[in-house]
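Next up: a single chain in structure tokens, the form predicted on its own.
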Amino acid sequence: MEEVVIEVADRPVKEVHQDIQAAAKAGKSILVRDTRSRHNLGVGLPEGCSVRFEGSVGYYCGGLNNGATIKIERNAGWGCGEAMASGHITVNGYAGMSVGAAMLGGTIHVRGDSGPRAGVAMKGGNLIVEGKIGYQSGFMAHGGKIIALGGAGTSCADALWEGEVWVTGDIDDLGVDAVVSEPTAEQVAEVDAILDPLGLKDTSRNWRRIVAGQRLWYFESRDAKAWLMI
């Protein structure tokens, strides 16, 4: 596949975005250079699009992804992959706050640590972090899986709904209404199947599967204190 090189530098992001969309429409592979941690790069990319960002990117890179394969060679700022519906995003470094926020599907793979509230309000898909996830990761996640291979920060899975947070390594503490459930062999196999294509499968891991205790699913006056702690 022919590769198109697009420079960011000081150009208006709207112009950069138009160039990326045009190359994607033409079915070309895209290399984006001189990114300078600019914000809102690679938003709303279509299915079949392949983009590689050479360097670090700013806020909301890969947001609203609709099936593209996105590779970020270094770090990503806030909200990487926010509200993505499908596709695959790889961050080779650190991901900032709220990576995968409100994502609906697809896969985000972070090779380093992630900041606070990873997977906040996510509705589906898989968020894999090889390092540690920051505080309140999984906050109010309604679906999907967050898989952390390097531990978790404070208030992990706070106010979780039907999402799942899988952790190996230390957990600083659990959030409100988050409980550790012993995973079944079938559930572990599901996680292994997600990790295997990324070269991360390891059957020796001691998994902790965090799910909702369901105290917050239905409000009762006797649980008012728990609601106020969110």
Partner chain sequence: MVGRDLVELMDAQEHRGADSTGFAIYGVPRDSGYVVRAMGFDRNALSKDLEDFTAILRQHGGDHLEDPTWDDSSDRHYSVRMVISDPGDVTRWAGDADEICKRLEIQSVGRSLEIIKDTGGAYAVADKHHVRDMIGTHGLGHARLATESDVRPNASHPFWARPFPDVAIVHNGQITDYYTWRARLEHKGYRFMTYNDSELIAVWVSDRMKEGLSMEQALTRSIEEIDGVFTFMISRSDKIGWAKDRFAMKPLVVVDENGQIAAGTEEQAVRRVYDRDGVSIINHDGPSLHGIWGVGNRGAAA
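Residue numbers count along the first chain shown, from 1. Predicted model, so just to flag it, every value in this text is computed and none were measured.
What comes next is about the form predicted in complex with the partner chain, which is not displayed.
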Notebook entry, point to check: in the predicted bound form, which of the stretches 73-81, 144-152, 118-126, 100-108 has residues with heavy atoms within 4.5 Å of the partner chain?
Noted result: 73-81
Notebook entry, point to check: Which of these residues, Arg52, His39, Lys201, Lys28, gets a heavy atom within 4.5 Å of the partner chain in the predicted bound form?
Noted result: His39
Notebook entry, point to check: Is there a non-hydrogen atom of Thr69 within 4.5 angstroms of a non-hydrogen atom of the partner chain in the predicted bound form?
Noted result: no
Item checked: Partner contact for Trp166 in the predicted bound form: the partner chain, 4.5 angstroms, heavy atom -> no
Notebook entry, point to check: Might Gly96 be said to contact the partner chain in the predicted bound form, defining contact as any heavy atom within 4.5 Å?
Noted result: yes
